[in-house]
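Coming up is one lone chain in structure tokens, specifically the form predicted alone.
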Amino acid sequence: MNAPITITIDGVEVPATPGQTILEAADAAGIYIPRLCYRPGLEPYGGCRVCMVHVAGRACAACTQPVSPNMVVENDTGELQEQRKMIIEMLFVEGNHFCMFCEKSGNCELQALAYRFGITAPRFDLFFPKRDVDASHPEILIDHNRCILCAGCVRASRDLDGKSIFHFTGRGPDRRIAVNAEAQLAATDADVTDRALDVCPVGALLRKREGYRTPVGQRPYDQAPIGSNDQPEEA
């Protein structure tokens, strides 16, 4: 059994276990590091870069970087917070996120992070890309307008559901989530019970006929800010 070690996050000594990532050690110690693509139980992806921290003056993703003895981590600095804020703003302008009538409002991690960082409107010009909605499946829909390419559905479908329904296609600004069928989602073996539907941090993957079952005002991030001590573990 590996002996416990100690790391320091923002001047606070934190117990850790060899094999843990910085993010896992921080979570266990009650220290919040913002994230979007990380999901417990899924292989770390390190794609969103919102969990970026500094170790020995170098930037690294907290969700993928393993701890090491006497590691010193900077998480809550002005530079890092500004970088995170910029990433969140860019995710908004690169998609079509209309929070006022999105079913995920109040349960959306992107929206909740925007509130946490005080973003009321992005400083960048909106792209307004043309993206489609795949509502071909009788129980599930994919709204590409809201997808932030976190790969949560890709990893969960592969590792938890054993189906590999979702994957990426295209490059650069044309990169998007696709399904493992020549046609649309209806041609796959996607099921309403798939765990891949539960890991989407935004409103890109939704179950039909579930809309507003939990009223606005009673949703997780309506009750407590994301990252707060009284925030439910699962949104």
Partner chain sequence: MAATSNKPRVATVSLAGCFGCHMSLLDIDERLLDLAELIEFDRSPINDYKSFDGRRCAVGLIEGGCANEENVRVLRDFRTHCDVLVSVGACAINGGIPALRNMVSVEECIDEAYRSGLTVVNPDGILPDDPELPRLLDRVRPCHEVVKIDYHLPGCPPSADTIWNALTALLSGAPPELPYPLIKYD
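Residue numbers count along the first chain shown, from 1. Since the structure is predicted, the reported quantities are computational estimates derived from the model, not experimental observations.
FYI, the form predicted in complex with the partner chain isn't displayed, but the following is about it.
Margin query: My question is simply whether residue 114 lines the interface with the partner chain in the predicted bound form - judged by any non-hydrogen atom within 4.5 Å.
Written below: Because a heavy atom of residue 114 falls inside 4.5 Å of the partner chain in the predicted bound form, the answer is yes.
Check: Looking in the predicted bound form, any heavy atom of residue 119 within 4.5 Å of the partner chain?
Finding: Yes, residue 119 sits close enough to the partner chain in the predicted bound form that at least one of its heavy atoms falls within 4.5 Å.
Notebook entry, point to check: Would residue 12 sit within 4.5 Å of the partner chain in the predicted bound form, counting heavy atoms only?
Noted result: Taking the distances in the predicted bound form, the answer for residue 12 is no, it never comes within 4.5 Å of the partner chain.
Item checked: residue 225: touches the partner chain in the predicted bound form, heavy atom cutoff 4.5 angstroms -> It does: once the partner chain is placed as it appears in the predicted bound form, residue 225 has a heavy atom within 4.5 Å of it.
Next item on the list: Name the single residue among 141, 99, 90, 72 that comes within 4.5 Å of the partner chain in the predicted bound form, judging by heavy atoms.
Entry: So the residue touching the partner chain in the predicted bound form, by this definition, is 99.
Next item on the list: At a 4.5 angstroms cut-off on non-hydrogen atoms, which residues of 126-161 are near the partner chain in the predicted bound form? List them in order.
Entry: Read in sequence order, the residues that approach the partner chain (within 4.5 Å, in the predicted bound form) are 126, 127, 128, 129, 130.
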